[in-house]
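The chain below stands alone, shown as structure tokens; this is the form predicted on its own.
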Amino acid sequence: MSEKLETLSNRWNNLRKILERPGPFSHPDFEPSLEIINFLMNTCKILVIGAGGLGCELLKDLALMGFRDIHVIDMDTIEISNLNRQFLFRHKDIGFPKAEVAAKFVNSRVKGCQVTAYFKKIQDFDANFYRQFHIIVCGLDSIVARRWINGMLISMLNYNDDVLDQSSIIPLIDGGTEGFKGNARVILPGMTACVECTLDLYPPQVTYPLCTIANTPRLPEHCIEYVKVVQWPKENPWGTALDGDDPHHINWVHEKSLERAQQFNITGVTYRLVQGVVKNIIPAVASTNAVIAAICATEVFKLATSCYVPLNNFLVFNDVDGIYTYTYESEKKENCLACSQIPQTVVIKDPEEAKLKDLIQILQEDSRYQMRSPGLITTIDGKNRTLYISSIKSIEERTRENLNKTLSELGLKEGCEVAVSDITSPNTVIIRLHFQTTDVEMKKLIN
């Protein structure tokens, strides 16, 4: 009874105005009720992935919207560079887990809200963990993590006679920002376009050819990258891997990068740029984070209460020159790597000359796949055969020689299916090899 009395208190009058009476923009199937507020406050379970710039805003917004059972996952610790925009943290929090500090802050400021923190990777949890949530909302800066959680939610779908059981759908709200630009999207796994369906929308990871950074550097980034990938492994000043969070490491890279820049008359090497290159930092603006997080939190509220029609399904925000925003419906891809369940056809030119490392390169560089470190297993003459796996040292050493063997030497033939695992997905992807015969056939397969 006390819960209902608090629900009716003045504190939640704004929610009552929305949820206890219809409006001109209400969802066609919306039925106003006091029980909706009770569900939102006492039953609905939300998972926030990421406690950085977007994550802090999301936790604040969701807590102040009445959600009480909130969980947050983040694997990072707080750095001094976070403090200008991640407002749940203070100088005394530097070095502590983001998720734990953020949860403690919100719990202390919003009465009745219980935020549970997990200082872990999302890959540390299985399907049973994710199945307990009603909605998952992401504030990530990693495309790999987005693809992984997208694949996890798709793998949890249930089908009865090829008909999707909608009760197995856990909506995914995804937000992203870069400088003064941002986007938000609503993904209903199995029903709407997923992350993989629109993989080509994400900018490719910036890389620099080794020949350029070693022989003809032209940009300050080239000098920094050279120190990072060549000088550090060679000199190894601290006997450990380069740590972007260690100021001693960054100072060393900064000094060596300045020396190299002077040799080639290159200017622009700064401490901040060194941090950005070493840690692959994406520019962040607090106001953009606030806008995108507010949009994502609103979508969570709409899905949890069914009071308004949710976003369908992609929103773009830009405030570089003024404020500009638009929405559009991103359509499902018929042969999506994640949600179509259709084996992917990989076209191989010159099958007699193509080597296993060429196939791996296709999986890494083709915009349809964009894998990071694919491991390949196939079945030949009824026996499973591991072609190459880089993530396990003993297997990598044993299968390394296969990289320079041709596909024919490995026994891979036309139509052969290969199971591919990668850090971008919790699931194994099946690819089917097709040896190209004509240019016309090649175009037909790609299109």
Partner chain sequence: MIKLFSLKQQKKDGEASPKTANQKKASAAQLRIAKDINELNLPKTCTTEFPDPDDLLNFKLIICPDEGFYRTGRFVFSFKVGPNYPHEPPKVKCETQVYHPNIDQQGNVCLNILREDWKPVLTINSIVYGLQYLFLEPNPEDPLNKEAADVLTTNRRLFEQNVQKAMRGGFVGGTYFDRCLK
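Between two forms, the rigid core is defined as the largest C-alpha subset superposing within 1.5 Å. Please read all numbers here as calculations on a predicted model, not as lab measurements. Numbering follows the first chain given and starts at 1.
This protein has a second form, the form predicted together with its partner chain, left out of what is shown; the following refers to that one.
For the chain shown here without its partner, which stretch in 314-322, 166-174, 252-260, 93-101 has non-hydrogen atoms within 4.5 angstroms of its partner chain in the predicted complex?
Heavy atoms within 4.5 Å of its partner chain in the predicted complex occur in 166-174.
Would you confirm whether the three residues Ala290, Thr298 and Thr327 all fall within 4.5 Å of its partner chain in the predicted complex, going by non-hydrogen atoms?
No residue of the spot touches its partner chain in the predicted complex.
Is there a non-hydrogen atom of Asn404 within 4.5 angstroms of a non-hydrogen atom of its partner chain in the predicted complex?
Output for Asn404 is no: heavy atoms all beyond 4.5 Å of its partner chain.
Does its partner chain get within 4.5 angstroms of any non-hydrogen atom of Ser408 in the predicted complex?
Close contact is absent here: in the predicted complex, Ser408 is far from its partner chain, nothing within 4.5 Å, heavy atoms only.
Counting only non-hydrogen atoms and a 4.5 angstroms cut-off, does Pro310 reach its partner chain in the predicted complex?
Close contact exists here: in the predicted complex, Pro310 approaches its partner chain to within 4.5 Å, heavy atoms only.
Against its partner chain in the predicted complex, would Asp141 count as a contact residue? Criterion: heavy atoms within 4.5 Å.
Output for Asp141 is no: heavy atoms all beyond 4.5 Å of its partner chain.
Considering its partner chain in the predicted complex, which of Ala117, Val110, Val277, Ile135 comes within 4.5 Å of it through any heavy atom?
By the 4.5 Å heavy-atom cutoff, the listed residue in contact is Ile135.
Let me know which residues along 174-198 have a heavy atom within 4.5 Å of its partner chain in the predicted complex, or say none if there are none.
Sequence-ordered list: Leu188, Met191, Glu196.
Quick one: once the rigid core is lined up, does Ser33 have its C-alpha move by 2 Å or more between the shown form and the other one?
No, Ser33 moves less than 2 Å.
Under a superposition restricted to the rigid core, does Ile49 display a Cα displacement of 2 angstroms or more between the shown form and the other one?
The answer is no, as the C-alpha of Ile49 shifts between the shown form and the other one by less than 2 Å after core alignment.
Quick check on Pro343: with the core superposed, does its CA move 2 angstroms or more between the shown form and the other one?
Result for Pro343: yes, a 2 Å-plus shift.
Can you tell whether Ile170 sits closer to or farther from Met371 in the predicted complex than it does here, judged by CA atoms, where the change is 3 Å or more?
It is farther: the C-alpha separation of Ile170 and Met371 rises by at least 3 Å in the predicted complex.
Report the direction of the Cα distance change between Asn427 and Arg131 in the predicted complex, compared with the displayed form, as closer or farther; the change is 3 Å or more.
Farther is correct, given that in the predicted complex the C-alpha spacing of Asn427 to Arg131 is increased by at least 3 Å.
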